[in-house]
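Presented below, as structure tokens, is a lone chain in the form predicted alone.
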């Protein structure tokens, strides 16, 4: 039997590069900023246009497949992962970076069958780096095979996390309390690129030892999850249990030693699951 998903994988690579070119070429007139769930949860015309390009190209080639896209879900489409072949798409991961010209923006495309992730593609389009991973076939940055770091001493590690878009005082206090405890272990440093997909690729290529966050979405991390796993890393829930793509909470790390040490310091707070009942998000726009 031939490779059943090779054509889908090749299509993902092609459309990721095409989408990345659109993002790079987007001029200031495209950066009309809207907000979704909060004043810091941003979306632009480019996010919406790029998602249409990606889904349109893939649907033309694979009309029977299902799609979960960040902007589609924001408009009320369901976010249900079934056994059917399903594409999980973040057209512009790092929209706030894009708006401000901060140079980390990624196109994230993952593909799942029977609720299992088969491959993931993350195109860091401003860096022009293509990260990719296929189930059982390794992880790569462009044509170079990548692997997680071999660091097991938490004191010699760099950890990545993000603040998320929920700025309620209670949650922000827990986020910064966690960061303080991790810094005081101590670790070499605490970082954040502003894009979960890129953060996971940094774990996969050994630049950092771990990335954790509560409040992320499946489209932020699906592709990165495959890449981390295929680079030899581990994925867990922030409570130490199994990784759940829809839970909106995750630790990705180079090994269990680092992951379990970080988990001891994480102050957990609630986040609605991605597959919870639909809540249509109202956008507010300004130039």
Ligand SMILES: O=P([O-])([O-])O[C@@H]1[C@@H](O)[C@H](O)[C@@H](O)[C@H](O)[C@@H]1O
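Positions refer to the first chain, counted from 1. No experiment lies behind these values; they were computed from the predicted model shown.
The same protein also exists as the form predicted together with this ligand; that form is not shown, yet it is the one meant from here on.
Kindly check, after superposition on the C-alphas around the site, whether this ligand taken in the predicted bound form would be blocked here (3 or more of its atoms within 2.4 Å of a backbone or C-beta atom) or open? Open pocket: the modelled ligand, placed by site superposition, has no clash at the 2.4 Å cut-off.
Is there a heavy atom of residue 90 no more than 4.5 Å from a heavy atom of this ligand in the predicted bound form? Contact with this ligand, yes.
Counting only non-hydrogen atoms and a 4.5 angstroms cut-off, does residue 133 reach this ligand in the predicted bound form? No.
Taking the shortest heavy atom distance, is residue 165 within 4.5 Å of this ligand in the predicted bound form? So residue 165 counts as contacting this ligand.
Please check if residue 157 has a heavy atom lying within 4.5 Å of any heavy atom of this ligand in the predicted bound form. It does not: once this ligand is placed as it appears in the predicted bound form, residue 157 has no heavy atom within 4.5 Å of it.
Please identify the residue among 216, 126, 182, 205 with any heavy atom within 4.5 Å of this ligand in the predicted bound form. For this set of options, the contacting one is 216.
Among 143-151, 192-200, 75-83, 112-120, which stretch has residues whose heavy atoms lie within 4.5 Å of this ligand in the predicted bound form? Selected range: 192-200.
What are the residues of 93-110, in order along the chain, with a heavy atom within 4.5 Å of this ligand in the predicted bound form? Counting only heavy atoms within 4.5 Å of this ligand in the predicted bound form, the contacting residues of 93-110 are 93, 94, 95.
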